[in-house]
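One chain comes next, on its own, written out as structure tokens in the form predicted alone.
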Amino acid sequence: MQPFVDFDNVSLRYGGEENGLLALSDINLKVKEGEFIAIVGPSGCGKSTFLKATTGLWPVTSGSITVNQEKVRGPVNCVGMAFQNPTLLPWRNTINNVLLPLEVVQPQRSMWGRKRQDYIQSAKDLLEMVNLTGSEEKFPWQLSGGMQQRVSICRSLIHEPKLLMLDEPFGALDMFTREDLWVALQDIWLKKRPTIILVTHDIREAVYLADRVIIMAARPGRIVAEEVIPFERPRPLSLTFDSEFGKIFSSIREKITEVSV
């Protein structure tokens, strides 16, 4: 079976092929369709650059990336993205923030007039999955940070992307809100089964959510190890206190420490 995402000896320099900053070096990674992987590593290891390269927002210097059987040569249209900051439009209410991609992304944009009611129902279904039923008419300033991030995740999924890229989406939230959103994201993944690549500094988050954790080293960014996560799903939050969970957490932390010095 062909991988859904395939990095083949990828390197990326900012600022020129010879004298620019080498952000990624010789990245080789295969991600299966429907797989959930997390990328962890020290600051400056190129995690966010990895996302930009995967989605075609920044061209690679050498090697190649394939997504959904097509080589990446520009922005990839089968991708949904969510970031650390929700970036909701303040003049749009919750339901209209979720619907925004359908107004601008093809082919949904061309079908907006005749399928609008279907799209609205899809948005409501997503909001129900993250426990935001009843907040459809609220504006961002009326929502907590965690609620805004739930809306952001719904917006990233509304066009049913095959690949979901998450760039530290829970990093600015308190621990209790983060854990609630871990459970919500797991539920969404179990129901929708998109391929997910999560970038995070939180090892506990990575082990709880992912099928595999990819460990990167800094300067230049490169993959140095990976951990396969053996736990069955759905995973209860109590799993994070399990001794086997702790062993995997410690192993990943030790590897990150080794490549940070």
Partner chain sequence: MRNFSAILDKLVPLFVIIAFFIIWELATVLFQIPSFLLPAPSTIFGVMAKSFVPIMGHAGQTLWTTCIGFAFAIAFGLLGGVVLGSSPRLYRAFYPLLIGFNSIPKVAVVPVLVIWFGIGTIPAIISAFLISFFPIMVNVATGIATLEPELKDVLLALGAKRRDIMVKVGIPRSMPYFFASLKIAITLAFVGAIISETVAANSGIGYLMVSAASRFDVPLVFAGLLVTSIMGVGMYGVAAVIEQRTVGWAMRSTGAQVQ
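Positions refer to the first chain, counted from 1. Please read all numbers here as calculations on a predicted model, not as lab measurements.
Not on display, but discussed next: the form predicted together with its partner chain.
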Counting only non-hydrogen atoms, the one stretch of 129-137, 76-84, 182-190, 113-121 within 4.5 angstroms of its partner chain in the predicted bound form is 76-84
Does any part of residue 143 reach within 4.5 Å of its partner chain in the predicted bound form? Heavy atoms only, please. yes
In the predicted bound form, residue 30 touching its partner chain (heavy atom, 4.5 Å): no
Proximity of residue 178 to its partner chain in the predicted bound form, heavy atoms at 4.5 Å: no
Residue-level contact is defined here as any heavy atom of the residue lying within 4.5 Å of its partner chain in the predicted bound form; does residue 224 satisfy this criterion? no
Name the residue from 201, 52, 219, 235 that puts a heavy atom within 4.5 Å of its partner chain in the predicted bound form. 52
When you measure heavy atoms, are 215, 248 and 255 every one within 4.5 angstroms of its partner chain in the predicted bound form? no
Neighbours of its partner chain in the predicted bound form among 103-122 [non-hydrogen atom within 4.5 angstroms]: 103, 104, 105, 109
